[in-house]
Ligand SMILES: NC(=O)c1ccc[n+]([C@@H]2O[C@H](COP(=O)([O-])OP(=O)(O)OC[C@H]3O[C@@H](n4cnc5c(N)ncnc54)[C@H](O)[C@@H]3O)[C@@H](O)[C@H]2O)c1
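Shown here is one chain on its own, the form predicted alone, set out as structure tokens.
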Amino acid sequence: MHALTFHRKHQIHYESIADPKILFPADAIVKVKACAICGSDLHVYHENEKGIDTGTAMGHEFAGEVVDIGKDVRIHRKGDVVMSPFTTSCGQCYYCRIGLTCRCIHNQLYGWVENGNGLHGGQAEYVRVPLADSTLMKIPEGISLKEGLLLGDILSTGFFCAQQAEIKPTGVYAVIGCGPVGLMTIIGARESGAEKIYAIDSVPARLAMAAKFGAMTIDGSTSSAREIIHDATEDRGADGIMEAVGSRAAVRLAMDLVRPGGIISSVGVCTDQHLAFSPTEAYNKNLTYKIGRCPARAMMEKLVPLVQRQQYDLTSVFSHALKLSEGVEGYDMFANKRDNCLKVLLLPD
């Protein structure tokens, strides 16, 4: 089969690799019908996260058709059209039972093979899915493949970010970063009852989309977010900050914007060695800081009704659609924000 594979920093190849096979009785093989490039993939692309083996198939956002199953798979059948979260989960361990499926004791992240161990990703023609019954979810009626991709990662992550912020209708909130996850976070905050949401970015096209989704926008390159937020809150700061970038600068800004006793909710994957604020600063603000991976598999079922309502133009975050064979160009375009690239959809040739 063909796949987009990692070779070294800024070097993604479109090449032929071995087809996946059933290795364990709970496995399934999915023929990929749609996949996408995620901001988290850029951590590998830029080698901010290291250790991945050369030749690893990239990607963790995919949807497709089940074409083979192991003997222990009971829920899914060949021909089922399915979506997947970005990590596998067993559905039975302590963490799965409490809804923290991202920390399943058997979890694997698609697109990460290290020292020969791990799981190839979904930016490929086929992908092996361990623990298929509890990991995969059939795409319900009224939901497209593209919407299935969003449910498996960025839509769930955005709503998780808003959930962690403990939204109250009377509060003032800010979202830092209007990339795909930040935009989904705005929707999550609205659906949680937020009436005042500020969205901070420096890319005009992204700010325009944030406004379309109901946020008041702040261009951080021309305005002081701190002044605007503090002016709107009698100089207190926002009740909650939702950080969807994953950088020291973004977390530092969140700390500057949040009020004493407020919450910072971080879902951006930050690869810096240290936090952007000190324990003393956190103590002096009575800060609640929530950070971590979204339990996407647990969120997906909850969000299906929202997607079926068709209230939001969720798939408008896909600014570009390319063939899988054009994925190398897609990575370059996405990484460098060329042509106002927001998110790249990839379709197998």
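As the structure is a computational prediction, the values presented were derived from the model and not from experiment. Counting begins at 1, following the sequence as shown.
Although not depicted, the form predicted together with the ligand is the subject of the following passage.
Undergrad: Tell me the stretch among 23 to 31, 317 to 325, 286 to 294, 66 to 74 that has any heavy atom within 4.5 angstroms of the ligand in the predicted complex.
TA: Going through the listed ranges, the match is 286 to 294.
Undergrad: What is the one choice in Ile229, Leu150, Ala210, Ile176 with a heavy atom within 4.5 Å of the ligand in the predicted complex?
TA: So the residue touching the ligand in the predicted complex, by this definition, is Ile176.
Undergrad: Among the candidate residues Gly237, Gly171, Gly246, Pro130, which is the single one with a non-hydrogen atom no more than 4.5 Å from the ligand in the predicted complex?
TA: Checking each option against the ligand in the predicted complex, the one that comes within 4.5 Å is Gly246.
Undergrad: Ala57: heavy atom within 4.5 Å of the ligand in the predicted complex?
TA: Result no; Ala57 lies far from the ligand in the predicted complex.
Undergrad: Against the ligand in the predicted complex, would Val181 count as a contact residue? Criterion: heavy atoms within 4.5 Å.
TA: It does: once the ligand is placed as it appears in the predicted complex, Val181 has a heavy atom within 4.5 Å of it.
Undergrad: I'd like to check something about Lys337: if you look in the predicted complex, is any of its heavy atoms closer than or equal to 4.5 Å to a heavy atom of the ligand?
TA: Taking the distances in the predicted complex, the answer for Lys337 is yes, it comes within 4.5 Å of the ligand.
Undergrad: Quick one: is Val267 in contact with the ligand in the predicted complex, heavy atoms, 4.5 Å cut-off?
TA: So Val267 counts as contacting the ligand.
Undergrad: Output the sequence-ordered list of residues from 42 to 63 with at least one heavy atom within 4.5 Å of the ligand in the predicted complex.
TA: Leu42, His43, in sequence order.
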